[in-house]
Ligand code: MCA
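Here's a solo chain for you in structure tokens, the form predicted alone.
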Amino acid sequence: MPLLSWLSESTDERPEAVRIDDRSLSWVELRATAAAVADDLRGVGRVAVPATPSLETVVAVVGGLLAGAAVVPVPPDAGPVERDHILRDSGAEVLLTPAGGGFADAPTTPPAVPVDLTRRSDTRHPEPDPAATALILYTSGTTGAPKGAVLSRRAVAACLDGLADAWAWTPDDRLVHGLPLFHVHGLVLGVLGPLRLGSRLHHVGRPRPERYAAAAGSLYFGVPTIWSRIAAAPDAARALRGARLLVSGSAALPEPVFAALADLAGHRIAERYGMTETLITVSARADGPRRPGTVGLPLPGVRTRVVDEQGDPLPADAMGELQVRGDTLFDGYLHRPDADAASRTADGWFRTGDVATVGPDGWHRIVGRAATDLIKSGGYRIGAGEVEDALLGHPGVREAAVVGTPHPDLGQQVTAYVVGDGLREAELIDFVARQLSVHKRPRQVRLVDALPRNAMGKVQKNLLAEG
């Protein structure tokens, strides 16, 4: 089956199959426009795409995939150093860009090929081998330059088919989101998903609550920042009652936001878990329960385990590193055999670096990153997310992030960074201590104006810990 099977076969000429902000194409128009791009890419192995939220980005990505090239999305807000590293490290031979676009100030930019939405082609390009590379997505760790994760067409297809099963995702759906198009969430799920599974797509541009409310979708994707803003706009939240399923990912959804949307929108949000290197591996199901603070069960073809620091499997409900294996895993880091070897165990499991627990019923709860969200204090192992949820239960707290900071006696202490109004440190410490075990209370609360976040809304805890 072709990777973009619905797009490859559809004869539907109705408008607005794919809508980005206020511009749209039918399925037939999208295929013909992307085929014209693919005609320009004969013999090209890797193409870079400035991944703006635009129809040009969708056509460029699809054109690259139709041509059998590996597509390298470049974040449009990347600084010159990051951008040049991605272009150079990926070996991109061509930059697909709107006419007159590109990176004029980048000496390493490959030759530009314009994406012209008025061009059409009826060429049928042969479907590449499923093992061929579909995408090279760059992911940043806490140190060093971003690494290119090599994702095969087979892995992308396995992920999307697993989500179709979990979410009952069909051509009858209308998917709505406003996510960036250079990550797994916005690009693989949010663009390639509709092109494989047949649902219409409406990308709203900037993901404001009123735009989500006006889109009249059946399936909505968002990150916790988006859902938090919608929960704070009751009219927008109520407008989503007609949807079939709301999905949250890319970071943990605070339990107060889950509860607010259940009340206002009438939906218990489905959370899911994945990484650039693994795609989506675990999710709540459309036909099953959705529990706050949990991310559900493994998708078809995915296996998971939780291990201790020596790599030995842990029993149910024990906290340890989550490891995964299955058809959705990446092929490795481009040019980084050292990093690739370090990411895998001797028996073939991928080390996620995330701390999790798995209950007796198989439901997964993600505690957070081992480096920043598992706090070892005075012999206790404390999950930062539990403390954050407790803080968010305070009526004056708008945002909270918890990290471990050095302590001469405890090893690490629980330190909280809080955004809110009229708050006092002692009050918040006592508030948490009344809800959780006393050893989980913050030893220090720092009141800040804002938390540092990346493009997906994730709090950059490494910046907090360094500060």
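Bear in mind that the values here come from a model prediction, so they are computed numbers and not experimental data. We number the residues from 1 along the sequence you see. C-alpha atoms forming the largest set that superposes within 1.5 Å between two forms make up the rigid core.
Beyond the structure shown, there is the form predicted in complex with ligand MCA, which is absent from this document and is the topic of what follows.
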>> Can you work out which of 73, 194, 148, 274 has a heavy atom no more than 4.5 Å from ligand MCA in the model of the complex?
In response: 274
> Given that ligand MCA is left out here, which of 41, 410, 55, 423 has a heavy atom within 4.5 Å of it in the model of the complex?
Replying inline: 410
>> Based on heavy atom distances of 4.5 Å or less, which listed stretch (434-442, 58-66, 395-403, 30-38) is in contact with ligand MCA in the model of the complex?
In response: 434-442
> Does ligand MCA come within 4.5 Å of a heavy atom in each of 78, 114 and 218 in the model of the complex?
Replying inline: no
> Is there a non-hydrogen atom of residue 202 within 4.5 angstroms of a non-hydrogen atom of ligand MCA in the model of the complex?
Replying inline: no
> Is residue 376 close enough to touch ligand MCA in the model of the complex, meaning at least one heavy atom pair within 4.5 Å?
Replying inline: yes
> Counting only non-hydrogen atoms and a 4.5 angstroms cut-off, does residue 155 reach ligand MCA in the model of the complex?
Replying inline: no
>> Is residue 250 part of the interface with ligand MCA in the model of the complex - any heavy atom within 4.5 Å?
In response: yes
>> Where, within 171-201, is there a heavy atom within 4.5 Å of ligand MCA in the model of the complex? Residue list please.
In response: 179, 180, 183, 184, 185
>> Given a core-based superposition, decide whether the C-alpha of residue 27 shifts by 2 Å or more between this form and the one not shown.
In response: no
> When the two forms are laid on each other by their rigid core, does residue 45 show a Cα shift of 2 Å or more between this form and the one not shown?
Replying inline: no
>> Taking the rigid core as the reference frame, tell me whether residue 442 has a CA displacement of 2 angstroms or more between this form and the one not shown.
In response: yes
> Compared with this form, is the residue 436-residue 359 Cα separation smaller or larger in the model of the complex, the difference being 3 Å or more?
Replying inline: farther
> Are residue 294 and residue 412 closer or farther apart at their Cα atoms in the model of the complex than shown, with the shift being 3 Å or more?
Replying inline: closer
